[in-house]
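Encoded as structure tokens, the following chain is the form predicted on its own, with no partner shown.
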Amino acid sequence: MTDIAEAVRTQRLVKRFGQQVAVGGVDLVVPRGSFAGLVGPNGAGKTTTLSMVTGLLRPDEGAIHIDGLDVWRDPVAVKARIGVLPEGLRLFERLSGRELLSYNGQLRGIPKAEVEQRAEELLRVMDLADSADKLVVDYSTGMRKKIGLAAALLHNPRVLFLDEPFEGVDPVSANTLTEVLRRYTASGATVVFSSHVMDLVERLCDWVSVMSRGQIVAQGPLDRVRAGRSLNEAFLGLVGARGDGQGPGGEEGLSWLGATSA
């Protein structure tokens, strides 16, 4: 993979919580300008990995580089280059949508006039212009995701990290988010988003990394990872899911289920 320009690379990334190894030696690669999916079952280590990559959680071992910069040795420069929409999004709920963007712009040191211009454009594109002066506490889940994405894009980052960005989002809001992200990657920027919804990843992504039990088990262009199958079929094979009804989640041991009581 040395022949690709890398937006993100991790080397032997490890994170433990007590005796539990949440991430066990992850070598994640994301090409610059790609729409990349990080997929895996619940508990695979996706959120922990993204938290370390974005500087929110310090790894126990390993190295992380974004645009060639070490995340932990040059954190200020790295944070200027990234935008983050984390899982369990927390916002300043007593601000309006417009005030939230203004506040984020001030934190980033963007001139006030520039912040106002960018905020108005983002509010319009995100279909939030009519709700710009409503308090965020009154926003729906979809509206929160859209204003969170607007805040993450305000400083025009080179790499955008999204953790389950479409979870709980209605189809109209999801379509808006998708169109904005496609425009963003078309400009040469990079999106990395985690999900366990294979159909969504297959529709949006050109690069996929598959995690299972804290490790990357497959990685590369979407078509190569799929290998002629649907992504869901490839995913089930890679993570070791069984479809014979005899393993976990199968029929064995549930002979009572649906039976009529005597």
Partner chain sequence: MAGRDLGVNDSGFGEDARGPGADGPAASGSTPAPAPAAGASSSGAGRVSPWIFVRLKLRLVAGNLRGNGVRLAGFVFTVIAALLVAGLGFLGLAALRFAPDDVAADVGIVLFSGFLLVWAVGPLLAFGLDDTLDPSRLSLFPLRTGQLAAGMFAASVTGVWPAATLVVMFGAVVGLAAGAGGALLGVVAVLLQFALCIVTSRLVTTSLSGVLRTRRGRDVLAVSVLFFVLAAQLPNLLLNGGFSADPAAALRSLASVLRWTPPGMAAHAVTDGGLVAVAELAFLAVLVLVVGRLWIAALRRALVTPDGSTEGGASSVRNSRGLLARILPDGPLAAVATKELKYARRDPRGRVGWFSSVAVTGVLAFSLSQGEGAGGIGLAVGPACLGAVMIGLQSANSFGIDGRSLWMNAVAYGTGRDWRTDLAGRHLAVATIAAPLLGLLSVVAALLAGNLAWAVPAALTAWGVLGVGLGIGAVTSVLVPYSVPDRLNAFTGAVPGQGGIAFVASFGAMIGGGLLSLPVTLPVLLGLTWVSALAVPYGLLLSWAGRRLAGDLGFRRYPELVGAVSQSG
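Positions refer to the first chain, counted from 1. All figures in this text were calculated on a predicted structure; none of them were measured in a lab.
FYI, the form predicted in complex with its partner chain isn't displayed, but the following is about it.
Contact label in the predicted bound form: L107 to its partner chain, heavy atom within 4.5 Å | So L107 counts as contacting its partner chain.
Taking the shortest heavy atom distance, is R183 within 4.5 Å of its partner chain in the predicted bound form?
-> Output for R183 is no: heavy atoms all beyond 4.5 Å of its partner chain.
Contact label in the predicted bound form: D138 to its partner chain, heavy atom within 4.5 Å = Answer yes; at least one heavy atom of D138 falls within 4.5 Å of its partner chain in the predicted bound form.
In the predicted bound form, does R90 have a heavy atom within 4.5 Å of its partner chain?
-> Within the cut-off, so yes.
Non-hydrogen atom within 4.5 Å of its partner chain in the predicted bound form for each of G55, L95 and E99 = Yes.
Pick from G168, P75, P171, G188: which has a non-hydrogen atom within 4.5 Å of its partner chain in the predicted bound form?
-> That would be P75.
Considering L128, L154, L177, V84, which brings a non-hydrogen atom within 4.5 Å of its partner chain in the predicted bound form?
-> Selected residue: V84.
Heavy atom within 4.5 Å of its partner chain in the predicted bound form: which residues of 153 to 172 qualify?
-> Counting only heavy atoms within 4.5 Å of its partner chain in the predicted bound form, no residue of 153 to 172 makes contact.
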